[in-house]
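A lone chain, given as structure tokens: the form predicted on its own.
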Amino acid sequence: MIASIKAEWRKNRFRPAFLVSTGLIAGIVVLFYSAEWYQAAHPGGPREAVSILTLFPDQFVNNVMGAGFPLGAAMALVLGALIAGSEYSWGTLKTVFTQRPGRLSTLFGRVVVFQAWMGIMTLIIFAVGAGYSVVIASVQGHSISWPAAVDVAKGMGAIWLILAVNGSLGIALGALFRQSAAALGVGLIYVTVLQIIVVRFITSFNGGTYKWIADWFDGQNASALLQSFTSPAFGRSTPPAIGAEQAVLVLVAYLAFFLIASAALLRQRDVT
């Protein structure tokens, strides 16, 4: 197991897709903060004004939650599809399996490294958000205070879980289609079409009678989990219909299902 983890780490740590993704997620946070800072400094535009209080360091955990879904989720899915599907296109899996370790050991090492990279992306989101909030507070002449450590830990856990779930979906799709292109296409359709358009249709159909079905989609639970991170600085908001505890349990169930499906597909099917 340890050898598989080390091999996967050496193989993927300098992979362009992984390195580019870290830069993109950092850029998303910077763009998000920059847009909100501009809106806060120029109220009265066509969009609702943003309170400058939400951009200070004590609120940075609540503010960076927007990077988790759907942009962060889509990025994680792309990486999962690439790390799993490209191995089939390169024809390297047959060589790996004939020389050992076995299929499940190889998958275990890949999953550990991938989820560790999701943790790195989570750290980048929080580091960039914290740094930018300090810049804004310094420019505005506001005192710098930080949220409680437990709130930071909860926020990082929430973002990591969402990235891990969607990345595991990408890995499962890569194993299913045995290529990255089809896995990417189906995965992105799932995130954009199924999770947004279909969920909205189900929620509004027949006066919301079947909303309970939509509440079991992973995207709905991811959104509810992120929306649970808020404060009075963001103004009045309607509590999400799905509680944070339920959202975590549903997402963990999706994570387990995707990983088990990946293991079953890799173990039972031909890798060529």
Partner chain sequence: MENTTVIETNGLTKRYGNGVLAVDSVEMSVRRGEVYGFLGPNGAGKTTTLRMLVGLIRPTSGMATVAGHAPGDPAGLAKIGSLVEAPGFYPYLSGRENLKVVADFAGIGHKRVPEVLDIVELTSRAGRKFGTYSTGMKQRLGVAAALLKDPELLILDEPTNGLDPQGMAEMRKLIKDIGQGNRTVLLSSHLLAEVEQICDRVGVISGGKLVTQSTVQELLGEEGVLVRAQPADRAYELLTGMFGPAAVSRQDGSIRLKTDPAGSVEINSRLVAAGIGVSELRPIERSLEEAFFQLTGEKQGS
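The structure presented is a predicted model; accordingly, all values stated were derived computationally and were not measured. Positions refer to the first chain, counted from 1.
This next part talks about the form predicted in complex with the partner chain, which is not shown.
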item	value
Heavy atom of Asn12 within 4.5 Å of the partner chain in the predicted complex	yes
Interface membership of Arg200, the partner chain in the predicted complex, 4.5 Å heavy atom rule	no
4.5 Å heavy atom contact, Thr98 to the partner chain in the predicted complex	yes
In the predicted complex, Lys154 touching the partner chain (heavy atom, 4.5 Å)	no
Heavy atom contact within 4.5 Å of the partner chain in the predicted complex, the stretch among 120 to 128, 187 to 195, 101 to 109, 166 to 174	101 to 109
Triplet Pro70, Asp215 and Glu245 all within 4.5 Å of the partner chain in the predicted complex via a heavy atom	no
Heavy atom contacts to the partner chain in the predicted complex at 4.5 Å, residues of 80 to 96 in sequence order	Glu87, Trp90, Gly91, Thr92, Lys94, Thr95, Val96
